[in-house]
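Only one chain is shown below, in structure tokens, and it's the form predicted alone.
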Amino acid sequence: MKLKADRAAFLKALAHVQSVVERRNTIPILANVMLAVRDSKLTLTATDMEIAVLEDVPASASRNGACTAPAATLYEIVRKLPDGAEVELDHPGGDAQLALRAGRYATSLVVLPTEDFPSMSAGSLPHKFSIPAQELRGLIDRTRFAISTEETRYYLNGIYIHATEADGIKVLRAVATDGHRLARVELPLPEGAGSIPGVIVPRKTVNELRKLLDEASGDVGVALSDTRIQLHVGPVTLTSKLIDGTFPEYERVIPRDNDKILRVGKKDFSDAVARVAAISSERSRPVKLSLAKDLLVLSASSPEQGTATEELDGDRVSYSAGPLEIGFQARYLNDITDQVGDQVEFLFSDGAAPTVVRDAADTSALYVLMPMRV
């Protein structure tokens, strides 16, 4: 193959595809990116056998062909080339090295056989719909913080996406939980998504997709089966296996009768949590919330550092139920309040029961947080 491509377009595509390549793997070919030229189009592909990312780049080709090159090395070389450079790639075939030239710079890279590069077929994907990139971005941002990282409960290592009904309205729902907190977010059901199976999209796929959505506008095409999902984000196609497991019956852990309601300004609350939590370097130590009528006292203590308290009252707090004390991990509190607007609403039952948290002005997202003993 032989081609010339604009450095900026080539670098952008390389950044997308090399992101899925595992830095340490036992199969050498998986450290490489496939470069294929056909009909004045350069196609880059990378995979870790679970996810495959493919992207097309405009190119001026004088010879079709394909080869594989070390993804990380190629990315670093192109990244360090000057802006506006034209990158020329030349591979005569076989075991010959890939020559790369840009201006007065030249290098050559060892290649591995293209026939060793794994093909990750998506198979039949019967369910197809599209969703605005902005809505998908919001869906991910408001749930992914709650994805479990505990590998033994692998079925929690992703976001569960399914079609359902809420208050008689058909919705697309995303749920994530790690056992300590739960995030549930809904969107109006996209056309064509009514019959989709419930699927668990893996954490790595979610993170790679979120990076792509930073640069996306318009709609994202989604196609899926029981075992695979494929997403079309502009010129990029991301294909991934789904987690083969059963997501727990999450509705059973969402409290229905929590009737003690606290409303507080998000910024006031988040800042106060951060200040009192600063007393302890242990991320898992609890922040205690002590509630009385229109008064919230936040406190934390550390055997090494001492104690800290802060009061919120007056216009900043609305609470009319009986006195209550409850503790939460500071990081978990902030992870949830980061997702809501100006007013956060807490629905309590007692000091030992799960608490519902939501945006006072937006019912599309709901969070559940387990308390800690204080």
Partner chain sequence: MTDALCRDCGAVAVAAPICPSCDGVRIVRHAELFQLHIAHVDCDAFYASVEKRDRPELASKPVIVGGGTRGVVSASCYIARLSGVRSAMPMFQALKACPDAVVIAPDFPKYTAASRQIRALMEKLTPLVQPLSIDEAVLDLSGTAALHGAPPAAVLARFARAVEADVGVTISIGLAPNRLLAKIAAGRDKPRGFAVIGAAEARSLLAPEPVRLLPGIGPALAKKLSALGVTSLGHLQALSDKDALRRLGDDGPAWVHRARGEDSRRVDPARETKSISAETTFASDLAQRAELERALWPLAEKLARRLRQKSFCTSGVVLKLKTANFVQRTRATKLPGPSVLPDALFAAATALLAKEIDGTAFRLIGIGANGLLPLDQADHADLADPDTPRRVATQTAIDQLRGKFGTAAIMRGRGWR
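Keep in mind that what you see is a predicted model, and the values were worked out from it rather than measured. Positions refer to the first chain, counted from 1.
What follows is about the form predicted together with its partner chain, which we do not show.
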Is Thr205 close enough to touch its partner chain in the predicted bound form, meaning at least one heavy atom pair within 4.5 Å?
no
So in the predicted bound form, is its partner chain close enough to Thr177 to count as touching (4.5 Å, heavy atoms)?
yes
In the predicted bound form, does Arg173 have a heavy atom within 4.5 Å of its partner chain?
no
Is there a heavy atom of Ala8 no more than 4.5 Å from a heavy atom of its partner chain in the predicted bound form?
no
In the predicted bound form, which of the stretches 185-193, 145-153, 213-221, 114-122 has residues with heavy atoms within 4.5 Å of its partner chain?
145-153
Checking Gly245, Pro92, Pro132, Pro248 against its partner chain in the predicted bound form, the residue with a non-hydrogen atom inside 4.5 angstroms turns out to be Pro248
